[in-house]
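As structure tokens, one chain now follows by itself in the form predicted alone.
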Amino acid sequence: MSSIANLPAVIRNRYHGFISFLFLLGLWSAASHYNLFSREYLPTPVAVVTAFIRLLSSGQLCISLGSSLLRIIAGFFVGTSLGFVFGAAMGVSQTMEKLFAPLFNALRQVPVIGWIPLIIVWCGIAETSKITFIAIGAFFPILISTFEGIRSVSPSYVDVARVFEYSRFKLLSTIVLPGALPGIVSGIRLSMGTSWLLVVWAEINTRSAAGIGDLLTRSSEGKKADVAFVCIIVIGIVACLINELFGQLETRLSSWRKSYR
């Protein structure tokens, strides 16, 4: 009963941020209704919805979005896998930290976009270059979060495990990695968000056979503002869904860790 009574408050706390979106939609509708801007540059909300339905029914939107997601999966997997391996190695071994930390600290100061000329020289402008670009962007967040997550595990837990003569593998699998998991998930969240932004940037600037960024570029070249609006809205929605999904997972894991302290 109390849960039902608190439902309006939960809805307000959860979704009050949509008020700003509704306000923006109202301004957009008013500007379109009174023709404050040319329809060529600011299409009406109805025109954008119509373009969305047209792109969805033709399959073009699904193909473009699917192509972008496949690139993200490939680049994200490569980048996070390498980042986790090196982050875990530096976290559990001071020798590995001394060996690799100066190198990675220097490399991560280079903006991801700064790698583009070198990536093009190495990989051209085909799919490999986009996947490599995404992998570099996903590498450093998971590297840092894994390293810091492992180092944040309480030494008392490790001492207790050593008293019970845990093997190194059992220590890592039952104490260190579970304790570092919330931090690792936080890094995954940052890596995934970065990967989504980078795949759109790569598709816009290196042109692809398909992709949401490529669809956005072609819409601007063809002066199809309604299609451009659809692409921008879809990009924003996917980014929000990624952030929300991993944010919920991070919150659950953080609550689990705190409940056992």
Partner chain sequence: MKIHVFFSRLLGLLIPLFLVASWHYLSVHEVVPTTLLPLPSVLFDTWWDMQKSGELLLNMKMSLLRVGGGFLVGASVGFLLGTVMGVWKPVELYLYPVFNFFRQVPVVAWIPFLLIWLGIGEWFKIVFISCGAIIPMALKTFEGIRGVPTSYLEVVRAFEYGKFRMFRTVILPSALPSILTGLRISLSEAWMLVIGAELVAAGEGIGNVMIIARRLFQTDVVLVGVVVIAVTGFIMDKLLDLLETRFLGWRRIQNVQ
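Positions refer to the first chain, counted from 1. From a predicted model like this one, the values you see are computed outputs, not experimental measurements.
Omitted here: the form predicted together with the partner chain. The next part is about that form.
- With respect to the partner chain in the predicted complex, the three residues Ile19, Lys98 and Val110 uniformly fall within 4.5 angstroms at the level of their nearest heavy atom.
- At least one heavy atom of Gly236 is located within 4.5 Å of the partner chain in the predicted complex.
- When contacts are judged by a 4.5 Å heavy atom cut-off, Leu24 counts as touching the partner chain in the predicted complex.
- Contact check for Ala161: no non-hydrogen atom falls within 4.5 Å of the partner chain in the predicted complex.
- In the predicted complex, at least one heavy atom of Lys223 sits within 4.5 Å of a heavy atom of the partner chain.
- Figure note: of the listed segments 180-188, 68-76, 121-129, 145-153, the one touching the partner chain in the predicted complex, with heavy atoms no more than 4.5 Å away, is 121-129.
- Though the partner chain is absent from this view, in the predicted complex it lies within 4.5 Å of a heavy atom of just one residue from Leu197, Ala30, Ile53, Cys62, which is Leu197.
- Residues from 40-77 that approach the partner chain in the predicted complex with a non-hydrogen atom closer than or equal to 4.5 Å are Glu40, Tyr41, Leu42, in the order they occur in the chain.
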